[in-house]
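To begin, one chain is listed below as structure tokens, in the form predicted alone.
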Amino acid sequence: MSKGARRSAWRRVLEPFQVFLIDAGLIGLGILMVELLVISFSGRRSPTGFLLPAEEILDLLHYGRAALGAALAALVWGRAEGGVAISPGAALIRGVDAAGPPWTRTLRGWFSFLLAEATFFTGWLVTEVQLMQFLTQFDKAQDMVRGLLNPSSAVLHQGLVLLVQTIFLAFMATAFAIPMAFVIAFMAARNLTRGTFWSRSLYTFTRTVMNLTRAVEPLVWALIFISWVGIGPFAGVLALWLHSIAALTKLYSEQIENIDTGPVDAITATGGSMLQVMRYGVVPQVIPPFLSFTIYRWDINVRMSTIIGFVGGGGIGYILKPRVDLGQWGEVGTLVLLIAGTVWAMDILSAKIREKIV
């Protein structure tokens, strides 16, 4: 049996399981959200006499029962045939006929609509949205707004000095990340690592590590590196460097996966080695978008570096945080204007450079 035939056979085996997992997950999510809404609107109160907050309601949900009910419902729905009763999982995995009935005439369409509505109302309750307080209690924020609109020059000099540090903090983090992300991206590109079992394993391992690294916010990495190298801009550089490697690897590898395969096939057909394929078939195609992604990442790092300073990672955020805590809104206004002006200028500059490159 050929490799393509084996893959097709595995897909046929795994397809029902994938459909079941998607259906069970969506149905279970719907059951839990309905239960949350029922408890929220039931007027149930805590022992203190107050209405139950969102976190306590989440603890009261019957997750096991929801999972069991969702599994049974998914099994039943999965056996349905036809365009009207086809399940969401089957529609996603197998696709649906574009000329089929409109969503208003399908069970899947109404289920998706009700699930979206339940998600919105559940999000409203879980995040405890309080529009009346937002619209009627502006007087509590008047002093802050007044200070922001009347910036103080007392912190201007120090702010400008640390603003320069912020820009270079972001620059160094990006510069350190480029070579590592460039190399790792080739190991994280699916089209270059599907030849052998070991290359596929390397792809899975690389993608997993980069996803986990990117999932942790730079603020958390900054706290880790501050305990490692101490308070200061170097900890901020390391935090942004690590996060930038993961982010750039994702962008770079996705660009590699979208290259034109013609030059690669031509070099391979002439007996070129893997390094020659990379050097002459892949790299020339990806350099312009790589440069664009890198400049965009530097722009992002400039914005992130202002928050890194809140925990001691250097830059202008280092002096912004204590002034916010002390309510010195005039000085906060000055620092915010410096940050906003820098981000605005960086955005325009990076857009112009990317426009010339791509």
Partner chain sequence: MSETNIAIRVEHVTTIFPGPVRALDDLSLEVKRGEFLVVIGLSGSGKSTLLRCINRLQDPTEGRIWIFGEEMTGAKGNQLRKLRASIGMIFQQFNLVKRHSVMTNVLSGALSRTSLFRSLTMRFSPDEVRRAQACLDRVGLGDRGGSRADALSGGQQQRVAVARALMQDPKLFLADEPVASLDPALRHSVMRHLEVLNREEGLTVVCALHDVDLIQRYATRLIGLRDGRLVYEGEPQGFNAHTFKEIYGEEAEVASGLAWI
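Numbering follows the first chain given and starts at 1. In this text, all values refer to a predicted model and were calculated from it rather than measured experimentally.
One more form of this protein, predicted together with the partner chain, exists but is not displayed; see below.
> Is there a heavy atom of Thr119 lying 4.5 Å or less from a heavy atom of the partner chain in the model of the complex?
Looking in the model of the complex, residue contacts with the partner chain do not include Thr119, since no heavy atom lies within 4.5 Å.
> Should Ser201 be classed as touching the partner chain in the model of the complex when contacts are defined as heavy atoms within 4.5 Å?
It does not: once the partner chain is placed as it appears in the model of the complex, Ser201 has no heavy atom within 4.5 Å of it.
> Within 4.5 Å, heavy atoms only: does Tyr280 come near the partner chain in the model of the complex?
It does: once the partner chain is placed as it appears in the model of the complex, Tyr280 has a heavy atom within 4.5 Å of it.
> Is Thr268 close enough to touch the partner chain in the model of the complex, meaning at least one heavy atom pair within 4.5 Å?
Yes.
> Name the stretch: of 129-137, 284-292, 239-247, 190-198, exactly one has residues whose heavy atoms fall within 4.5 Å of the partner chain in the model of the complex.
So the stretch in question is 284-292.
> Just give me the single entry in Leu212, Leu275, Val76, Val145 that has a non-hydrogen atom within 4.5 angstroms of the partner chain in the model of the complex.
Answer to the contact question: Leu275.
> Taking the partner chain in the model of the complex as the reference, which of Pro263, Gly109, Gly100, Gly232 has a non-hydrogen atom within 4.5 Å?
Selected residue: Pro263.
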